[in-house]
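Single chain ahead, written as structure tokens, the form predicted on its own.
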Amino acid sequence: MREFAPDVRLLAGGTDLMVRLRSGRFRPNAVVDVKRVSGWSSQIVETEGVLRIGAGVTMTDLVADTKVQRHFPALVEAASVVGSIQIRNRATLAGNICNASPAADTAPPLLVCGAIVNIASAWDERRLPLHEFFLAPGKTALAPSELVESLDLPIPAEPVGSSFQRITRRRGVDLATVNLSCTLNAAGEVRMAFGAAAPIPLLVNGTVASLEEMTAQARPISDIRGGQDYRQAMLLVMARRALEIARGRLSR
């Protein structure tokens, strides 16, 4: 990576990279296949109050993991609708956030649970909150010779309900027209994150009584998948649905 930086791309699952290479959108000097790098983890482990998800963990791995199911059901819901079965068998969670699509399905549930990105290079390591990781569509805070090693998801210390919602033009492999995830605690505090509703996935905090104000912070655009007014209106509808589901899970 250092030799070819900044014109180098990493190959993990390849579900986004290969499409861009074939279309000519990416023409890097080098593609580095990291799947067999020593220490490249494909494990999900519980350690020191967090669930650590290795950079090699696929969407299928996430959906099947009992620890993720127990602590982060909204992430399971999001991962289970990413692309097709074939894509989920290859696509990694780390790759999904590094692709930095504003419509990434896993970004909202990761944001509301306070995910931390563990970043490594040949000479240093650092940790960055996910809400600081996204800079612009397709752009992250990674330096040219850095990679994501894992993600840490803090395990809630108190009861929390969570859920994920999305709307697409058709069932299956389409990108979200708009998506969101929320968490709710016993004090009525709400964390909500929106996808396809701003240049980057958007995290907002509020209360049960402030859903309209929270969704009003979104700045969606009109494109082939949906109009600005439609997206804005559906955010509030989806926020109410998500909150009801989260409330039901909190009371269990």
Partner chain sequence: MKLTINGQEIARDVAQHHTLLEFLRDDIGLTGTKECCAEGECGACTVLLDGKAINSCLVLAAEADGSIVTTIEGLEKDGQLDPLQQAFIDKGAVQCGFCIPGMIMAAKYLLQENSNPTEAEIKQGLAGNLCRCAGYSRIIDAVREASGGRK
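Residue numbers count along the first chain shown, from 1. On a predicted model such as this, the values are computed, not experimentally measured, just so you know.
Below, we turn to the form predicted in complex with its partner chain, even though it does not appear here.
Undergrad: Only one of 143, 87, 135, 155 gets a heavy atom within 4.5 Å of its partner chain in the predicted bound form. Which one?
TA: Residue within 4.5 Å of the partner: 87.
Undergrad: In the predicted bound form, does each of 2, 101 and 149 have a heavy atom within 4.5 Å of its partner chain?
TA: No residue of the spot touches its partner chain in the predicted bound form.
Undergrad: Looking in the predicted bound form, any heavy atom of residue 12 within 4.5 Å of its partner chain?
TA: Residue 12 belongs to the contact set for its partner chain.
Undergrad: Contact with its partner chain in the predicted bound form for residue 219, defined as at least one heavy atom pair within 4.5 Å: yes or no?
TA: No, residue 219 stays farther than 4.5 Å from its partner chain in the predicted bound form.
Undergrad: Quick one: is residue 170 in contact with its partner chain in the predicted bound form, heavy atoms, 4.5 Å cut-off?
TA: Flag for residue 170 set to yes.
Undergrad: May I ask you to state whether residue 80 is within 4.5 Å of its partner chain in the predicted bound form, using heavy atom distances?
TA: Residue 80: contacts its partner chain in the predicted bound form.
Undergrad: Just one of 28-36, 191-199, 210-218, 49-57 has heavy atoms within 4.5 Å of its partner chain in the predicted bound form; which?
TA: Partner-contacting stretch among the options: 28-36.
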